[in-house]
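In the structure tokens that follow, a single protein chain appears in two forms: structure 1, then structure 2.
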Structure 1
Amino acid sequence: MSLFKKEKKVRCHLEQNSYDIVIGSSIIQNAGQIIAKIARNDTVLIMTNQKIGAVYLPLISGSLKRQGIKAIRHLVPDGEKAKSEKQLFRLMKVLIENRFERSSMIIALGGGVIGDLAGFAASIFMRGIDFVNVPTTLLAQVDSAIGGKTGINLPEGKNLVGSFYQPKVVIADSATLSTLPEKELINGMAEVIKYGMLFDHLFFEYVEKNIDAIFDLDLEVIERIVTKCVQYKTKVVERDEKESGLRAVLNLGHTFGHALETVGQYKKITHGMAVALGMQAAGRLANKLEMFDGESLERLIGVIDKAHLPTSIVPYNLDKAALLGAMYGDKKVKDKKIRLILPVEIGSVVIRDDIKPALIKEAFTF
């Protein structure tokens, strides 16, 4: 039996606000047909950045126009600096100036940063308007575009202000990855590897064997990987939409990683790099606690290295005390205890909140 099902649409079944994730190649030019079925207004706002907009705004705007829908365009800066209070209220002003209503819609066209900002704005404007996610990076397609986590950053930490707000549909076009810099594929690979570590040693092995095909932009392999990651994530979100328990496992590598991003002021380390380093920190800590064997740790480090992701924190010269302090500021801290997702084998993890701070701090030494 094949590891993968041949499907291009995954349904996220929720008690309220269920939606489809549509996956395929060169589907963005037909996005208007998908969006028209759910749009409640003949005007939408498309939020993107200049680089992505130059390539894809004409396609998606033209597709919407053919369905009788007018698109207002709104550009934000590249990178994490777009997830700021300043950019949030700038977007709000545009919505007000264009007389957007409760029946209006925001379309996020881009990576995870754009999806997070657009989704959060949609969740709070007039107490909630419709939101569509069109992820154009591997990281967003396999992870951040699904599940309804939205938000902005503060200087004190990543995603400290946000909401759970589900999109009406997600349109993941694998062909968009061919127009992006290789660094975006590298960033996305961290989340792909994460899903293998969390749920399935066979998927982990498939990723190990097919990394070269991914970087060669083999769309068949990429679509299989995107579909499988989406299936994993939707199953978790369906069982725990607002992270009251099980969904916390999706943060493998993220508690360490968010600290790296925060202390690095979102400049030194990208999100994918941070997650890769965070998974290694978690794996090394689990190994030190005799929970995770050395051979599995070496496989994890090996696949991260093969994906061109960093395998050492040393070059970034970040203070370990500051990193530990940032972890205590993480939104997942409960009763002043840092909750960590630690691997016990490839394909299985546990949640621990009883690790001594000195050991957590030491996990940043590699």
Structure 2
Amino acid sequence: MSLFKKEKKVRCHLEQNSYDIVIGSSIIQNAGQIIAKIARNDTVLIMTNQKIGAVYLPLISGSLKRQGIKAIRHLVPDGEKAKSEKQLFRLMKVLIENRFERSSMIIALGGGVIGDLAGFAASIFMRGIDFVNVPTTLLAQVDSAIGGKTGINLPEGKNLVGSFYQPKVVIADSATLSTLPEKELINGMAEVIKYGMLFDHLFFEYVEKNIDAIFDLDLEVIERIVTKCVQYKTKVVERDEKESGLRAVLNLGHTFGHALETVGQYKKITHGMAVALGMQAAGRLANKLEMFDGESLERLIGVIDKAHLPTSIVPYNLDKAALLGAMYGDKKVKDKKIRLILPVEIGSVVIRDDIKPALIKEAFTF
């Protein structure tokens, strides 16, 4: 039986531009069939990098070719630096040279970096051309590929220029995670744990029980996890496409986390590590406020530990006053009040903006 038949589809229903997220193992080989249904042109551009392209580009290009679609490959450098003005305009020139038009399509093949850059490029080239996302990291599959946030970095800061622009379809192939470095799998796990904390104690328990299977790359387990996370992110996005309210809950662990990333100068602490530490800070603070019981806090710390994510800030030797300062500088601060997402139990959170700075600072003690 073809693996392709086992694909799952989650629909993101929006007022305009609803789309499917197709999830499965080894479905990239058939991406062409999915894309051919929506492509309005017989030439598309695939943006990827050398590392990812070497493995997966032939699979997608081949499947497109079988559908009579020619793929122009466009490589960008690996890592965060690809989300730059330079790469954006380099791509614009390539699109013009290849006579791309309003009806053309860009396909992102890669992690959050490539998805953000390609999505932003698609949103502004000729005021918007079709965009397809093929996420190849756990983080991109459970988070960045869904919801339509795109953007690039400026020397002054991350994601300062961007747009909300929804893809036409997302194709999440869990088999692509088999080549992902373990540290990137760990990074994505912080977001996976976040969904359990936010919405679903049963899902949290499933992650707790299956953590070894995830790291052993049991694709069936990974597929189930990706599907659940996609369902939750989609639900939030459907209710709050432009991040005016509800979508803020997705920032659980992120307000503390951004402070850790900033003060750690994005070197000592990866995003996933920061989110994991941030969730623990939120959990510890909620526990101190007697909103969140000690046993649940221990489970949160336990699953983070099992996912090879850090459970203490001490080794990073960061200044607490600087961390608090960074939180007040965070763009999600409204009227100088820090808006925190705090757990009340596993699977449920509240938004609070009345927590005293001294208590917030104290939350960094672990």
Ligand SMILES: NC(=O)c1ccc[n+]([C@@H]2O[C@H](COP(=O)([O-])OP(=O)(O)OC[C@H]3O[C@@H](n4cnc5c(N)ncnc54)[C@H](O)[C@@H]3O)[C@@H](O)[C@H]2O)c1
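Because the structure is predicted, anything quoted here is derived from the model rather than measured. For residue numbers, the reference is structure 1: its sequence is counted from 1. Take the two forms, find the largest set of C-alpha atoms that superpose within 1.5 Å, and that set is the rigid core.
Looking at both structures, it is structure 1 that matches the form predicted on its own.
When the rigid core is held fixed, the Cα atom of L318 travels 2 angstroms or more between structures 1 and 2.
Here S348 counts as shifted, since its C-alpha moves by at least 2 Å between structures 1 and 2 after the core is aligned. Remark: with the core as the superposition reference, the CA shift of N287 between structures 1 and 2 reaches 2 Å or more. In the core-superposed comparison between structures 1 and 2, the CA atom of L277 travels 3.2 Å.
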